[in-house]
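The chain below stands alone, shown as structure tokens; this is the form predicted on its own.
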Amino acid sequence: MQNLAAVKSARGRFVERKTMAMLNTPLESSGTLIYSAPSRLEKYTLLPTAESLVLEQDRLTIEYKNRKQRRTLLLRDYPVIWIFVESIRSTLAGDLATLTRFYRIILEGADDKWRLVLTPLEASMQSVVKTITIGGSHNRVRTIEIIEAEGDRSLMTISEETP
């Protein structure tokens, strides 16, 4: 967690595959992630459609480019979204105190290949997400896997962008 906390900014490309029981093939999206410590996280999806999620402190702004729609949410008004957001943001910030507030935590592996398994403590979150597993190497997050309560799964793979 100390190594993660030392990172002040990071940028990477992502590919996310979501497997759903109701679909024959996984949904795939890709784009860019930008993190600025301690509380700004940006996700710009380029494919299949352009959209952005920008998290700044306690506000989440969602924009759908093709529909020209923009919506800002205060996380305190959406507890399940807030708890989910903190799994990623608090991991990137190396904020163990916040993670333990919302999740039971299991850390496995070594510095060069670690895995953080987060199990929600709140009943409202447990009804949506079974586990969130974040994998990485040294001070970089490489994968985020979400197993939903109903069995659907998403896996995001993150690679560093080259300048």
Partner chain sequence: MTARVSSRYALFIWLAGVLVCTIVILRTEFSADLSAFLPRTPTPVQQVLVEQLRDGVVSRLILIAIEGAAPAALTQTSQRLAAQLRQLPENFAAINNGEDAGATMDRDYLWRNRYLLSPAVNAEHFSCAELHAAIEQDLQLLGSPAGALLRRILPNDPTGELLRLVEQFEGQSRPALQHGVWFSPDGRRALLVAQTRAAGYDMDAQEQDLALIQDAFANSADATARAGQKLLLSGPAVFSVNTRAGIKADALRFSVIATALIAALLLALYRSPLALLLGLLPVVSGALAGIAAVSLGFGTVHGITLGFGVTLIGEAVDYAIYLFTQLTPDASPAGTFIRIWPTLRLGLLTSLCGFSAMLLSGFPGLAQLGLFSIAGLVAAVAVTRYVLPALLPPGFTVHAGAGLAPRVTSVVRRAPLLRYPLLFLSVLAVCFLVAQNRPLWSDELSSLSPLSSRDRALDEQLRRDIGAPDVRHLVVIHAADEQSALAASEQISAVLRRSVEQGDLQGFESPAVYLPSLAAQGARQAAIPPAPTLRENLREAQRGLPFRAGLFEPFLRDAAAAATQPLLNRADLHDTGLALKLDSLLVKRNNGAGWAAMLPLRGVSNAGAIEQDLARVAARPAVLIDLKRESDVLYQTYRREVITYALLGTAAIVLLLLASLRSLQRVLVVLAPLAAAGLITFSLLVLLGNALTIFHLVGLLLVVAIGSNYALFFERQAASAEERERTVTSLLFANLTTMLGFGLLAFSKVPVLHAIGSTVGIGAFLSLAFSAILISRSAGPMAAQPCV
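Heads up, when I say rigid core I mean the largest set of C-alphas that superpose within 1.5 Å between the two forms. Positions refer to the first chain, counted from 1. The structure presented is a predicted model; accordingly, all values stated were derived computationally and were not measured.
Below, we turn to the form predicted in complex with its partner chain, even though it does not appear here.
When contacts are defined as a non-hydrogen atom within 4.5 Å, none of Val7, Ser39 and Leu47 contacts its partner chain in the predicted bound form. Segments offered: 103-111, 121-129, 31-39, 134-142. Contacting its partner chain in the predicted bound form at heavy atom distances within 4.5 Å is 121-129. By the criterion of a heavy atom within 4.5 Å, Lys18 is counted among the residues contacting its partner chain in the predicted bound form. None of the heavy atoms of Asp95 is located within 4.5 Å of its partner chain in the predicted bound form. Taking the partner from elsewhere, Val117 is found to have every heavy atom lying beyond 4.5 Å of its partner chain in the predicted bound form.
A displacement of less than 2 angstroms separates the C-alpha positions of Ser9 between this form and the one not shown, with the rigid core held in common.
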